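Read the single chain below, which is given as structure tokens and is the form predicted on its own.
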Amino acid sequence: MDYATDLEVLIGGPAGSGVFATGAVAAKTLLQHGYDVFTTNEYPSTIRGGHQWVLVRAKLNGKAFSHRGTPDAILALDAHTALEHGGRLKDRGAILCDESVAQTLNMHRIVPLPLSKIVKEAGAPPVAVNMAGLGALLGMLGCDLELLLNAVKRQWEKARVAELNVKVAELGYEEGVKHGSMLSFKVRRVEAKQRLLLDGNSAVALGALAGGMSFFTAYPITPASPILHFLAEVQEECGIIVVQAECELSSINMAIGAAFAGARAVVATSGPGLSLMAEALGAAAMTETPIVIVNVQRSGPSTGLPTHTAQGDLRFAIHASHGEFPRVVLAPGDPVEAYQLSCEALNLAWKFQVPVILLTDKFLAESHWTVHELPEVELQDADFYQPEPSVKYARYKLTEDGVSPLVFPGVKGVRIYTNTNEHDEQGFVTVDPAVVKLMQEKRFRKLKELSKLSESRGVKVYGEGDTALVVWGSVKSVAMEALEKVEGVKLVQVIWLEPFPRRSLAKEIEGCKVLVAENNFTSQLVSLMRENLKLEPHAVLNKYDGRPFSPQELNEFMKANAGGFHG
């Protein structure tokens, strides 16, 4: 029997047909079979209607870093799915659909199934055809029925339709077994330790909790809203406050107020929201109030493509708000890094009293990866001021490292004066040029230590070679997949974008042919490399159609510009 060691399944249909729930059950079932699973999705920015799909990749004996884009099987909940994606189906694959859909298609490798009849027999509503179809698909693949039904129960454990969906999936599975010969490959069950199937948004939320976050606020915006939804569900259990604000301006100002009062505060948004927050970002910088802003990037400008991915906000994150002030900008490339950097962002914000921006994107935020375990992270508390008798507290005291003593309102014997105008050490407004100069220099002295951290933590390297593919953010995951078919190329990932790790990056790419790939039009990482390293890459690959890179695109790019390609 031919067991599938690298399987990709696409499930598609109209909005409202349960595509994402179907994909979640498929992913959990394959995960329980011992496969390493990756999922990603696409959906339109419409209130109702429109085509959406989810891709589930499952790999045995290896890491599924990203999608392949060449499905072995397609579950088409409508004719459009078959027509849209059938051309990418592998030669050995099949398209499963209801008999009524098959009648409208003149395509090869169609497997018509009585899905609607199964749903009617079970006494379920017509929408349950998704579970009948999934049951049939997993039955054809030879999956363990018990694992499938357990995944269905977990998906709807709090809903009254759970048992009905279990019944429909089981009937669909029995039908799929009858058609098992239509697929020449089967799924194999192997023993595996318990693992997580984790998306980037949830990883950010978990990392923030690990970093001591006690106050979270956001105004709903795609694709950052799931962070708000996740934290709202667990706020009582975790002992935190979660507020859905009335707008982006309100959310960041709430976060600043909460941090001023002593709460580790995080606000999440996407590009349009960060645009609105720019003035308040400057207020946090001038008052030296520690806050973390999560920007889940999407295509722009303006409304752009709200449900699609991009890396167009890098320069904006580094320069947002007027004037000059130190900040930190971090960009994780996978859920594990999203978890680690969310915690680190809070530690940095509170240690250095600066705003920290965490840049993710739709692809990272809403895709899922198999995570064997989350790494240990450390909550580092700020160095709080201890009141001294007869010593007048100076909130903005001039210090050697630029970090002034921090204390919160309500502490006995301390008066705190804070002002968004330029101020003196006590916090009172000043226009004295000598004091203005000293205060600006004080704030920027924080960059000395921050730059040291950037140099030590800001760059990761995978593999070896005389060609370096330099990336940032979620491109890392696709690049890791692409590198499995390449020799002589190493992956260099830039994680700290501000302060920029110029020395460590220069060291890693020294003597290499330098290639850069990023999801934007203007090559924003390249512009930082030119600015900081006076370096011009050998070749640059940009993608800006709202979609992530595919491994094939990166392979072709490396093949055209580097030696050692195979496969």
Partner chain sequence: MVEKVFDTGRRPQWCPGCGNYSILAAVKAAFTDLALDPSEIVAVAGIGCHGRMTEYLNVNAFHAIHGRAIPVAVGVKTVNPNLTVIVHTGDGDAYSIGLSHLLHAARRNVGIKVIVHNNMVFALTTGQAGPTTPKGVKTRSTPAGNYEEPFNTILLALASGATFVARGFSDDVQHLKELIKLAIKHRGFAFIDVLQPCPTFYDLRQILKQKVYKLEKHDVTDFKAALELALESERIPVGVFYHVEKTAYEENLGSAIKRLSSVKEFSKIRLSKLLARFS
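Residue numbers count along the first chain shown, from 1. Computed from a predicted structure; not experimentally measured.
Omitted from view is the form predicted in complex with its partner chain, to which the following refers.
- Contact check for Lys412: a heavy atom falls within 4.5 Å of its partner chain in the predicted complex.
- At a distance threshold of 4.5 angstroms between non-hydrogen atoms, Phe215 is in contact with its partner chain in the predicted complex.
- By the criterion of a heavy atom within 4.5 Å, Leu31 is counted among the residues contacting its partner chain in the predicted complex.
- Put simply, Glu464 is far from its partner chain in the predicted complex: not one heavy atom of it is within 4.5 Å.
- Across the options 84 to 92, 445 to 453, 165 to 173, 412 to 420, residues that bring heavy atoms within 4.5 Å of its partner chain in the predicted complex belong to 412 to 420.
- The partner is absent here; in the predicted complex, the one residue of Glu324, Glu400, Glu146, Glu246 having a heavy atom within 4.5 Å of its partner chain is Glu246.
- Though its partner chain is absent from this view, in the predicted complex it lies within 4.5 Å of a heavy atom of just one residue from Ala394, Met107, Val429, Val161, which is Val429.
- Residues of 195 to 213 that come within 4.5 Å of its partner chain in the predicted complex, judged by any heavy atom, are Arg195, Leu196, Leu197, Leu198, Asp199, Ser202, Leu206, Leu209, Ala210, Gly212, Met213 in sequence order.
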